[in-house]
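Next up: a single chain in structure tokens, the form predicted alone.
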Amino acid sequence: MAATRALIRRGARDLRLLAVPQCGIQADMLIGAGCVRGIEAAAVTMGELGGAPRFNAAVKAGAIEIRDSTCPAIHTALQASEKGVPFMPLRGILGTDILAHRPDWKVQDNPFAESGDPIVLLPAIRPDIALFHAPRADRAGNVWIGRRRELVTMAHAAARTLVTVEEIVEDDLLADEATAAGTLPGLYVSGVAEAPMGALPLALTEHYGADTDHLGEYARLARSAEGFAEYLQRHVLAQDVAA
């Protein structure tokens, strides 16, 4: 969220977002602020607070490009890049309507089967940048992610990985058996920025919970363009003035 606000303040434009595999307030804010050209996602939602209002408005207005996907498809396409192969097969989306809207997904027979056995081939996705928030990093750029293994796949697949963290510590996270298994090596990290409470108003597991009042305020205000502009001025742009 700290990086999301920074992108809006600097006036980022023409971003193409890839949600792994879905997104919420981050994508909604970037879309509402005019930062996004297109998005590929399994869903963009505010969860229990309902639909993502600025995303929904942009879709109805035809203001952004949408590439419909599924959770397994996004992970599979990233794993293809992670492994350095041009595509990977996936079976679970056979028979779904989504295939009609993804001409880049190819249905072919399994070449190892004795008879017809269709499989979907998904082209690899190699993002320019993977961006996420984590609890901590060390001075060598190693980032502790704990059990969130999808972040490893993202970092392996992307050309660059940028991470915000709660804190930068002096200890070598790879040198300690207690932290090494949950650490993304600095080899895969292009840059780290310290941003305490940088996930708010979302939660960071085992560190702090979500600010449900703030999320509720956003969901209410962002239903209209005027309300969204008010939210941005109060919670995003005003920070730039204060800085």
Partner chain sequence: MPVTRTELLIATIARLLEGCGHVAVGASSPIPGAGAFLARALGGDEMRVSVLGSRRHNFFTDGGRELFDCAAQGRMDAFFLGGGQIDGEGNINLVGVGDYPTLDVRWPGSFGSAYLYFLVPRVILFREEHSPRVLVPTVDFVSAPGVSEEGVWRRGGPHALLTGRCLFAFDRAARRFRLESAHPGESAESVAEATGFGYDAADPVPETAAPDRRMLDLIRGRVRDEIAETYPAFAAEVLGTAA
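Please read these numbers as outputs of a predicted model, since none were measured by experiment. Residue numbers count along the first chain shown, from 1.
Although it is not shown, the form predicted in complex with its partner chain is what the next lines describe.
Considering 113, 159, 85, 94, which brings a non-hydrogen atom within 4.5 Å of its partner chain in the model of the complex? Only one listed residue qualifies here, and that residue is 94.
In the model of the complex, the residue from 213, 48, 176, 194 that sits within 4.5 Å of its partner chain by heavy atoms: After the contact test, the surviving option is 48.
Contact stretch among 214-222, 58-66, 28-36, 185-193 - heavy atom within 4.5 Å of its partner chain in the model of the complex: Stretch 58-66 is the one.
Tell me whether 42, 75 and 205, taken together, all sit within 4.5 Å of its partner chain in the model of the complex, counting heavy atoms only. Yes: 42, 75 and 205 each sit within 4.5 Å of its partner chain in the model of the complex.
Would you classify residue 167 as touching its partner chain in the model of the complex, given a 4.5 Å non-hydrogen atom cut-off? Residue-level check for residue 167: no, no contact with its partner chain.
Is residue 139 part of the interface with its partner chain in the model of the complex - any heavy atom within 4.5 Å? Residue-level check for residue 139: no, no contact with its partner chain.
Taking heavy atoms and a 4.5 Å cut-off, does residue 104 contact its partner chain in the model of the complex? Contact check for residue 104: no, nothing within 4.5 Å of its partner chain in the model of the complex.
Indicate whether residue 128 is a 4.5 Å heavy atom neighbour of its partner chain in the model of the complex. Because no heavy atom of residue 128 falls inside 4.5 Å of its partner chain in the model of the complex, the answer is no.
Going through 103-126, which residues have a heavy atom within 4.5 Å of its partner chain in the model of the complex? Please give them in sequence order. Read in sequence order, the residues that approach its partner chain (within 4.5 Å, in the model of the complex) are 117, 118.
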